[in-house]
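This document opens with one chain alone, in structure tokens, the form predicted on its own.
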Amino acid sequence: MDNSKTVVLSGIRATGQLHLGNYLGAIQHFVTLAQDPSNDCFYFIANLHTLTTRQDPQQMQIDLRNIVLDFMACGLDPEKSTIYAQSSVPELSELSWLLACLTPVSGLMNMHHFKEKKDRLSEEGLKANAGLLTYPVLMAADILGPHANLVPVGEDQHAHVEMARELAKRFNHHFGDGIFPIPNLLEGEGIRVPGLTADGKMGKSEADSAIMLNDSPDEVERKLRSAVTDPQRMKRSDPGDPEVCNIFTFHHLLSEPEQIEWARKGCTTADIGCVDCKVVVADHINKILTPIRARREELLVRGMDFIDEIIHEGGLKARKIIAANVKEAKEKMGVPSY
């Protein structure tokens, strides 16, 4: 590893297909960061984190391959970025244990992510597992393992990165300054891409609420036709409120200022209907997805064995770097491999 470079790290859970929200909120920024020669980028599929919720083992492996496929279709080059599966680096689990021994239980129990998930499971008559509680510690290991300097994540993960920062400081204080760099969040405002059929951001759990990266043009148009708009605008002649309409949010994300003003004015005066807005948004989305679909088809011709090779080679590269860092951490804590 070139120590003069900025180490960038981020990951995505191995659940379901990637969607437009993943692209706009994360992957397009991954690609931009990877094109900067001063960065050394690590992008992983968090399949160990995925185990905190019950998953079908075979489907999880299929999802992982498809995420790597989509990464590459979106422009990530495995020659310029290290793309790997979390489970390919067993030293991450080892580092997670070392860091867990420095982590107060009360801090984990007060994490918003844990309390939210715990309450949701309780409503379903289920109990939270220990993996869910220690999720932030494993995430800290993901970050500190390759000595990441910069971590681009969504706003919902900011508290976890802050815990990684605190654990790095705590480790360095007890066992030697400078062992772990203090990671920083990527500066800038996160992008929230709304779902099509409900409140909240676009997610993988409801297929009709998300535009998947491999959706056909017809599928994009079909999903948008049924997308939720201003619920008070019952008829074409009714004026609407664009600020409560998810389709108008897409204009903010995808349209030029003149087109945003066209949509705002047309909605509030009823000069345009919701269908008119949806047609424009569908066109923007398909312009983004067309080259991604084409590259995906090109990669599929090479077969899934090719994707497995990318994951394997990325895992070897990541493990070599992370294993050396974990070895140093173990030695500093007095538990070397004898």
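In case it trips you up, residue 1 is the first one in the sequence shown, and so on. Everything numeric here is computed off the predicted structure, so don't read it as measured data.
Beyond the structure shown, there is the form predicted together with ligand TYM, which is absent from this document and is the topic of what follows.
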Stretch from 286-294, 55-63, 42-50, 309-317 whose residues place a heavy atom within 4.5 Å of ligand TYM in the predicted bound form: 42-50
4.5 Å heavy atom contact, L76 to ligand TYM in the predicted bound form: no
M202: touches ligand TYM in the predicted bound form, heavy atom cutoff 4.5 angstroms: yes
I322 within 4.5 Å of ligand TYM in the predicted bound form, heavy atoms: no
Close approach of I83 to ligand TYM in the predicted bound form, 4.5 Å, heavy atom: no
The single option of V228, A100, V193, L133 touching ligand TYM in the predicted bound form, heavy atom within 4.5 Å: V193
Any residue of 5-38 that, in the predicted bound form, places a heavy atom within 4.5 Å of ligand TYM: L9, S10, G11, I12, R13, H19, G21, N22, G25, A26
